[in-house]
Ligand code: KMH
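One chain follows as structure tokens, the form predicted alone.
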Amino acid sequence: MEKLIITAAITGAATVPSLTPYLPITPEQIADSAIEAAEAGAAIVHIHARRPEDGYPSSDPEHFREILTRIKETSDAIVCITTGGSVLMTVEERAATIPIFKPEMCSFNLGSINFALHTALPSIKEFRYPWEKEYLEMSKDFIFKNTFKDFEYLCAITKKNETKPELEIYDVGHVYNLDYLVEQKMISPPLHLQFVMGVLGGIRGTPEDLTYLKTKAEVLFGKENFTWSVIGVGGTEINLSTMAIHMGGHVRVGLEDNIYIKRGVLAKSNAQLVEKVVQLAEILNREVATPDDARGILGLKGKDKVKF
């Protein structure tokens, strides 16, 4: 098997600060948490930004600049910048950082879905910031928009900036959307697929769902033409990580996706979640990839070609 690539998703836009006191919010906190996760074994760090004053999801390039520069100065980790941002942003806002910073990787969402976060409301007794409650409540009516016009825009911007797209698949139809983009030569193998499982509005995080997604990708693209990783949202994170390690895939963990290290116990850092996956890899006899190993596996342009 290939070495295991671990991605750490540091802060995201779906986890609101009131859910856990350990969520990094300021650029300095986000960067330092990413560096710690890399030291724990993450080859890739997946980066969103937040407004430092209240933790609201941000698309401001200056917030990203501070985060990215601090990471690069201290760590060899691959930086994967979000183009998902928040469901309240346009695709142009979400992808504004790519031509500015020209990262080695960025996320690329492959379909529109309902994206519900309101199920977190009962677990919050007191809100830290005024925006959080309304943000969660209105997610009952969220549509995370990713249309074919958006795909064209992201295909062009990733190709122009030599940024490898991490292809986010939230449901079965998204695999077929990708097949169309490949057929139209808008995107070319080798592909890197990220199966996002457990979002309310997308595919569930069950073993048969993961097996189906992997099998369907093999049928459409040929197993030699893609690598894959899995995100288990919430309680599915560690179970799906274990499956992916065993099946030859790669793994993403982090406070963006899951705030618990075990049932009822909050993870105190992204590094702690990465350490748990490293332990699983050791148990299952799978060697963990360094950033340079991951660059080779994924065919990335290299840290020296980014603009931050």
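Position 1 is the first residue in the sequence shown; the rest follow in order. The shown structure was predicted, so the numbers you read here are calculated from the model rather than taken from an experiment.
The following text describes the form predicted together with (5S)-5-amino-3-OXO-hexanoic acid (KMH), which does not appear among the structures shown.
Student: Would you classify residue 150 as touching (5S)-5-amino-3-OXO-hexanoic acid (KMH) in the model of the complex, given a 4.5 Å non-hydrogen atom cut-off?
Tutor: Result no; residue 150 lies far from (5S)-5-amino-3-OXO-hexanoic acid (KMH) in the model of the complex.
Student: Does any part of residue 103 reach within 4.5 Å of (5S)-5-amino-3-OXO-hexanoic acid (KMH) in the model of the complex? Heavy atoms only, please.
Tutor: Contact with (5S)-5-amino-3-OXO-hexanoic acid (KMH), no.
Student: Indicate whether (5S)-5-amino-3-OXO-hexanoic acid (KMH) has at least one heavy atom within 4.5 Å of a heavy atom of residue 82 in the model of the complex.
Tutor: Heavy-atom contact with (5S)-5-amino-3-OXO-hexanoic acid (KMH) at 4.5 Å: present for residue 82.
Student: Give a yes or no for residue 199: in the model of the complex, does one of its heavy atoms lie within 4.5 Å of a heavy atom belonging to (5S)-5-amino-3-OXO-hexanoic acid (KMH)?
Tutor: Contact with (5S)-5-amino-3-OXO-hexanoic acid (KMH), yes.
Student: Among 210-218, 118-126, 167-175, 183-191, which stretch has residues whose heavy atoms lie within 4.5 Å of (5S)-5-amino-3-OXO-hexanoic acid (KMH) in the model of the complex?
Tutor: Correct option: 167-175.
Student: Taking (5S)-5-amino-3-OXO-hexanoic acid (KMH) in the model of the complex, would 2, 229 and 295 all count as contacting it (heavy atom within 4.5 Å)?
Tutor: No.
Student: Could you list the residues in 142-166 that come within 4.5 Å of (5S)-5-amino-3-OXO-hexanoic acid (KMH) in the model of the complex, counting only heavy atoms and keeping sequence order?
Tutor: Residues within 4.5 Å: none.
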